[in-house]
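Only one chain comes next, encoded as structure tokens, the form predicted alone.
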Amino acid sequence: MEKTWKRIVSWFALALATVVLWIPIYYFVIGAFKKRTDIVKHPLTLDFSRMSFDNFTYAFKKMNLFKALGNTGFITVIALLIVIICGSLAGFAIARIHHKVFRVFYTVVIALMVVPFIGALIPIVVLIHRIGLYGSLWGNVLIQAAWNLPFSIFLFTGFMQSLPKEMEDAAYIDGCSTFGIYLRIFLPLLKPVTATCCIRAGIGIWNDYLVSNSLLNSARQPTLMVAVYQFFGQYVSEYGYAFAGIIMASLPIVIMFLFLQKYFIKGLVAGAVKG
């Protein structure tokens, strides 16, 4: 009987926490279909007779959505390619090549994971300006890739260290080179960790505002989050337009998560087995 009550209390607590977490999502989803006055006066009321798609139409034009989506997609895809390729190669070298240099490099990588980004923003902006990439999408790509590499290296290293050494020895006996082992043996097994890196890094890059606002001209090269922020003014904020913009900006990353979610937890746990 006691176990039953504990289970009921646990389920009730989980249900209550779920409702509390979903209230903000419910608020901005229904707010995207409301006028500004209704959002302020009746924030949680669902009245279909007063709802419309006008906010989406206006936000689509005001955000220059296709251009912002293209810029954000370019930055995200190229940065993720750099993160996955460089992270997996570095993880393979650290996990399978036993040398002091790689151990020191791995220690530095772990240390970089705790550095706050905001503390490095000014030096990064100065560096990008000096190398001539200020105002360029490529400058944004390099910063995003560099900042997400330490965690991806950590995951790839842990996953590769958990693989049995017999696989590597058998490949060497068959005449495979070191790079061939990475390409033919390890790379096909990296789907879970790769999906985890794509979701974790991809969400951060897609939702970035700070780097894009610091490096890019928001009028000529807008990104999605910078375009959404224009609805928040100093004196007046157009919440309906902003909510509509957030929903449109979030759809691609939500779709990506739905396709990769089955690999996400598996890759996160596997990548943290050893470090």
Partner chain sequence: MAKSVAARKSLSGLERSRVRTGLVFLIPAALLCIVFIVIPLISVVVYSFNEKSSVGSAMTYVGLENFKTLPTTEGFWQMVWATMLFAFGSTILIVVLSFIVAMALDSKRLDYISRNVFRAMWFFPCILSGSVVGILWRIMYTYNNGVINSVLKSLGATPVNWLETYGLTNFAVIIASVWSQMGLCIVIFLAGLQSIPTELLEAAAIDGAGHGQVRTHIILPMMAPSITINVLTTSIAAFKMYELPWIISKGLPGYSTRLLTQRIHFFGFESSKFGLGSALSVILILVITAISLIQLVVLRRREDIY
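Positions refer to the first chain, counted from 1. Definition used throughout: the rigid core is the maximal C-alpha set that superposes within 1.5 Å between two forms. This one's a predicted model, so the numbers in the text were calculated from it and none came from an experiment.
Keep in mind that the form predicted together with its partner chain is missing from the display, and what follows is about it.
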Tell me, out of 53, 232, 66, 48, which residue has a non-hydrogen atom within 4.5 angstroms of its partner chain in the model of the complex. 232
Answer for residue 36 alone: is it within 4.5 Å of its partner chain in the model of the complex, judged on heavy atom distances? yes
Check residue 150 for me: does it contact its partner chain in the model of the complex (non-hydrogen atoms, 4.5 angstroms)? yes
Taking heavy atoms only, is residue 28 within 4.5 angstroms of its partner chain in the model of the complex? yes
Examine residue 175 and determine whether its closest non-hydrogen atom to its partner chain in the model of the complex is within 4.5 angstroms. no
So, a 4.5 angstroms cut-off on heavy atom distances: do all three of 74, 163 and 222 pass it with respect to its partner chain in the model of the complex? no
What residues of 13-47, in sequence order, lie within 4.5 Å of its partner chain in the model of the complex by heavy atom? 14, 15, 17, 18, 21, 22, 24, 25, 27, 28, 36, 40, 43, 44
Rigid core superposition, residue 210 Cα moves 2 angstroms or more between the shown form and the other one: no
Using a rigid core superposition, assess whether residue 28 undergoes a CA shift of 2 Å or more between the shown form and the other one. yes
When the two forms are laid on each other by their rigid core, does residue 70 show a Cα shift of 2 Å or more between the shown form and the other one? no
So the CA-CA distance for residue 234 and residue 66 moves by at least 3 angstroms in the model of the complex. Closer or farther than here? closer
Having a change of 3 Å or more in the C-alpha distance between residue 232 and residue 66, I'd like to know whether it is closer or farther in the model of the complex than in the form here. closer
